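Only one chain is given next, in structure tokens, and it is the form predicted on its own.
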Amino acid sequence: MLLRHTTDKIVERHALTVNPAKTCQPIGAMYASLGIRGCIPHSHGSQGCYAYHRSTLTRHYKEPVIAATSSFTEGSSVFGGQANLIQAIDNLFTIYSPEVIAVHTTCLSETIGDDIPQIVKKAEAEGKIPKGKYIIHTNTPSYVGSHVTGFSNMTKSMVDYLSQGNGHKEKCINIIPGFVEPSDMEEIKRITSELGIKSIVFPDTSNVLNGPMTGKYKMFPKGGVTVEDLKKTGCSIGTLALGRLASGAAARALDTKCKVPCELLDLPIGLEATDTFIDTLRQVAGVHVPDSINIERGQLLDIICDMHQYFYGKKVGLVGDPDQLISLSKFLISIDMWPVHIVTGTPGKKFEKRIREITKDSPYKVNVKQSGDMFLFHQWIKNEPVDLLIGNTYVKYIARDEDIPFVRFGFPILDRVGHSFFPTVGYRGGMRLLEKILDALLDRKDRDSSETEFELVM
């Protein structure tokens, strides 16, 4: 194993990333685009980039991912990709008739300096865009940010291009769910429905990337937020942005453009964050929390009480996206587990500050790094071992080398199936997350027990 050459001697690095803890911007933009019904994401760059972005999403969700590319050649790489994009727009509307084409750029087209709005205007002037159809775009160079940044940028573009206000307010709440699984978006919609609240969730990849097997292929699944609903977001009474980094930009843009006030919340992972989410929904919509939701909360609380003895005092290493790590760290601390090594590849110095605040009462020294990599994370573990690792699939190499129990969580998960059907947000999501953590810890205890210590009831 190559990672066995990782040493415990930590040397400060500034210009070199080893084993990055992120993927690139266009992947996030492509994922957000799939959350619009009838949308084709379009990668303005080379076929290689497009193939990587599509394959990463396909491997994570185990579903076919539709997308298109400008297919840059050597000529367009030097002289610009205007002709390729105009031809692509014409082909896509003529052959597939999407409602929306969502264009994102790659490093190559960004470096050339292609002006996408100018190219789209030219396509419109040439009659390549049918009436009632839309093109939105965002700039997503991969040498800046991460897949979370790309998701945020494309979600903000939905507001910039499509949201409209008409001076009247509908009793409806916009929810921007953040970079989470389709099942999480489905769970968020279920909770708002239980509360009797009308909502518009955008983007919404539920029933797009976790749809049912019907035996019939549909180019555009029934899931996803409609263009009509995206237009109406400017008339809602409020917006809840879940995850400040992934959803904050779109919520603030909607406030500026259409005067829809917004609340920026942490992702509802765990008891406290879910309480905050539901209480904010209650206040904004002016509704009462039904018994069905209170029962779910009580069940999560009961499970925490039953499992607490196994969690107490365990040290954890975390790798993932900043919005997820903030909520997950708070959840773990609430059950007396201690995150001691925390790395995200997504830049943003506020992340380190939030984690310091959350872990200020920790009995252990806490290592936290934004724009960090998994090589550093591995070195921290060699110096201060942990009882559990939580992160994406790439963490499994460290888990194997250091012989540490491992729970897959976040993006991407390439070596397991089914995660896109089971939420980790809300009270129900919290129950599932706790079950996964306890299973990992007790499986390890079973494995390591001697014959005299091996117990039927643990």
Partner chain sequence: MEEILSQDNSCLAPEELKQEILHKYPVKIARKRAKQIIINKVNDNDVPEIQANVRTIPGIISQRGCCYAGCKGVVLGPTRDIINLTHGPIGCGFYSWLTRRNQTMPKNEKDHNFMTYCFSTDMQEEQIIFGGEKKLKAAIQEAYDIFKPKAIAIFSTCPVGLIGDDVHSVAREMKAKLGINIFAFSCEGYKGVSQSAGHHIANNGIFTHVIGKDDTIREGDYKINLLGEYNIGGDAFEIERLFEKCGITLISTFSGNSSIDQFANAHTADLNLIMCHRSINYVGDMMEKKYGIPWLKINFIGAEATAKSLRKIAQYYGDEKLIDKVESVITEEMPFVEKAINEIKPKTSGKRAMLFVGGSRAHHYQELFKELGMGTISAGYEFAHRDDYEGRKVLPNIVVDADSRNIEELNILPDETRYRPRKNEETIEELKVHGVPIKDYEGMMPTMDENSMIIDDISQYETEKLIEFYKPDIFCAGIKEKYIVQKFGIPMKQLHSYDYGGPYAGFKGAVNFYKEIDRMVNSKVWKYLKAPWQIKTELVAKYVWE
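In this text, all values refer to a predicted model and were calculated from it rather than measured experimentally. Positions refer to the first chain, counted from 1.
The following text describes the form predicted together with the partner chain, which does not appear among the structures shown.
For a residue to qualify, one of its non-hydrogen atoms must sit within 4.5 Å of the partner chain in the predicted bound form; all three of Lys22, Glu63 and Leu92 qualify.
Though the partner is left out of this view, Arg408 does not reach within 4.5 Å of the partner chain in the predicted bound form, counting heavy atoms only. Taking non-hydrogen atoms only, Gly211 approaches the partner chain to within 4.5 angstroms in the predicted bound form.
Ser70 belongs to the set of residues with a heavy atom inside 4.5 Å of the partner chain in the predicted bound form. Taking the partner from the other structure, the partner chain in the predicted bound form has no heavy atom within 4.5 Å of any heavy atom of Asp115.
Comment: the partner chain is not present in this chain, but in the predicted bound form one of Ser142, Ser327, Thr149, Ser247 has a heavy atom within 4.5 Å of it, namely Ser142. Comment: the partner chain is not present in this chain, but in the predicted bound form one of Glu74, Glu357, Glu228, Glu126 has a heavy atom within 4.5 Å of it, namely Glu74. Judged by heavy atoms within 4.5 Å of the partner chain in the predicted bound form, the contact stretch among the candidates 102-110, 165-173, 179-187, 197-205 is 102-110. Contact residues in stretch 214-229 (any heavy atom within 4.5 Å of the partner chain, taken in the predicted bound form) are Thr214, Gly215, Lys216, Tyr217, Met219.
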